[in-house]
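For reference, the chain that follows is the form predicted alone, supplied as structure tokens.
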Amino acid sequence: MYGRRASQLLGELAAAETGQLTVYNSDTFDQVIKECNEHNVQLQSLFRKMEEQNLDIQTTRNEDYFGAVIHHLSLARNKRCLMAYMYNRAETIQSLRWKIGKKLPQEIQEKLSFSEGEYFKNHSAAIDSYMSELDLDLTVDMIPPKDPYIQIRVLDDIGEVSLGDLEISLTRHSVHFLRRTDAEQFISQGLMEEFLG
């Protein structure tokens, strides 16, 4: 049945949690592309047949015309499904840059196709270039903070770090009061956590 494979791709998107990636389904994607090519071949064949019979494609309503309509609509539907699949994955990949940072964990990288991996790298490079031109880190404080300073607990030995005009030793289990912008990079890497106690 036409369009079944393409709808499987969209079913995968619907079944996944919001903001989560499933493994890129290259087999089904390639099968849908192959089906699109077959529809295109059939469509062109029907058009040639109608032209050979000197029938006006715009006004003739015979079995070849209706067959061509079915192939055209199936082709258009498959293309829409492929575009929706790729668009939703691209949106999720873009959001990962803001949530996780420049380096994706291995378990997420394994879910990407090669071109999606390149897309993430290029998107990340564009954000970095824009931030360097502005001299502003846009990845800090996605939600505006109430206080620019937070109390943090160091989860792993980081060592001596220069934070602005301050030299500080960040040893495991130590608690510090730092500017949120200085702490965010370590928090996102899992090296420290906000201390609420």
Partner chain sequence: MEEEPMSVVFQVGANGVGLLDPGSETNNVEKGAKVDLPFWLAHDLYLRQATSINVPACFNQKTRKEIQADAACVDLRMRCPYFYELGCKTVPLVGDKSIGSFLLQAFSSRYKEVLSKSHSTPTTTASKFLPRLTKEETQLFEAAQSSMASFKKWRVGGSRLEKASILGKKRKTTLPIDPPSP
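Residue numbers count along the first chain shown, from 1. Superpose the two forms; the largest set of C-alphas matching within 1.5 Å is the rigid core. Computed from a predicted model, the values in this text were never measured in an experiment.
Another form, the form predicted together with its partner chain, is not on view; read the next lines as being about it.
Three-residue candidate spot R89, Q94 and K121; no residue lies within 4.5 angstroms of its partner chain in the model of the complex by any non-hydrogen atom. In the model of the complex, its partner chain sits beyond 4.5 Å of every heavy atom of L170. For I150, a non-hydrogen atom is located within 4.5 Å of its partner chain in the model of the complex, even though that partner is not displayed.
At least one heavy atom of Q42 is located within 4.5 Å of its partner chain in the model of the complex. Put simply, I70 is close to its partner chain in the model of the complex: some heavy atom of it is within 4.5 Å. In the model of the complex, its partner chain lies within 4.5 angstroms of at least one heavy atom of each of the following residues of 107 to 124: E107, I108, in sequence order. The rigid-core alignment places the CA of I187 2 Å or more apart between this form and the one not shown. Core-superposed comparison between this form and the one not shown: CA of L178 displaced by 2 Å or more.
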